[in-house]
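In the form predicted on its own, a lone chain appears below as structure tokens.
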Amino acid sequence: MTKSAPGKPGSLSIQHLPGLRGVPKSDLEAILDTAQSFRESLDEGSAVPKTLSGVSVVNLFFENSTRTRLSFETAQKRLGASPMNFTASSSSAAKGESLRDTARNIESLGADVFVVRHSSAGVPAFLASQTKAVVVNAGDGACEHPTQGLLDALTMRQHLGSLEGKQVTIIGDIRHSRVARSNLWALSTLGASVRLWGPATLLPRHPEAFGSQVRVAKSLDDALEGSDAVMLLRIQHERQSSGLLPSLREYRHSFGLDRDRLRLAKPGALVLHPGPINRGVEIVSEIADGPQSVILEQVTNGVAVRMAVLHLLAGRNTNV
């Protein structure tokens, strides 16, 4: 079987990636197809086109990150870029400089791409309206985390094939999860059905906003029954007020995934988690490290997806 080539830079209908809401199915599939091509090249150790050679990429992180930041940096270097890293605490932003002024000053230094992570929702979309640079969202508040949603979809697609008609369950703190929002937009656009479950205080207030393919389950059993994939989410303590959930012990008892509960899903159902994992709370180690877990595959796919996004949005045609 011949490995497909990455899609061409500039072939998407979108110019930025502030989120996955409203992104056409054709664009999602183009990103996933290109990511799959890059993943195969990385697995084989073969060369990839250096389409970011000469492209100035700035990682504009106003919020702490480990996996996402390292994954973006790795993706940028694989494509030939020399990333520049911005840390808010050691910048003029700490002296009161506005976000707009910070971005426009950096753009004046030659920035072609901003990869933005911020604790406030809407910042990537705002910057996309204020600069000429390509803007990619690396997580904004409790709004979206589009590349995480894409890497989750890629991981599921690698094991399940087309996501059309597949059943995906998401359990946990969905109301405060930017990962959940991006997954809901991507999965529904790609034709999957999604069931949500968690404490009532941590479920979305208006699940119908995500479309008819998304519904809140009636119980944990209802959520898991016949699922092709189960995604667990950690409790977002940093984005919620107190009193929204029971004790961790009660949470584990009512909502945690263990071997007996996983049997309600389809045999061999995938287990996903965007991390960081709170072992013994939303998932037991036996499942997190078990044969149905694709959690580490998600991390590996993160590099391929971020390569695909940067390549398609900001890459330059090259024969290298």
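Residue numbers run from 1 along the displayed sequence. Keep in mind it's a predicted model, so treat the numbers as computed, not measured.
As for the form predicted together with a small molecule, it is not shown, yet the points below apply to it.
Contact check for Arg67: a non-hydrogen atom falls within 4.5 Å of the small molecule in the model of the complex.
The small molecule is not shown here, and in the model of the complex it never comes within 4.5 Å of any heavy atom of Ser182.
In the model of the complex, no heavy atom of Arg195 sits within 4.5 Å of the small molecule. The small molecule is not drawn, but in the model of the complex it has a heavy atom within 4.5 Å of Gln148. The stretch among 254-262, 31-39, 274-282, 49-57 whose residues place heavy atoms within 4.5 Å of the small molecule in the model of the complex is 274-282.
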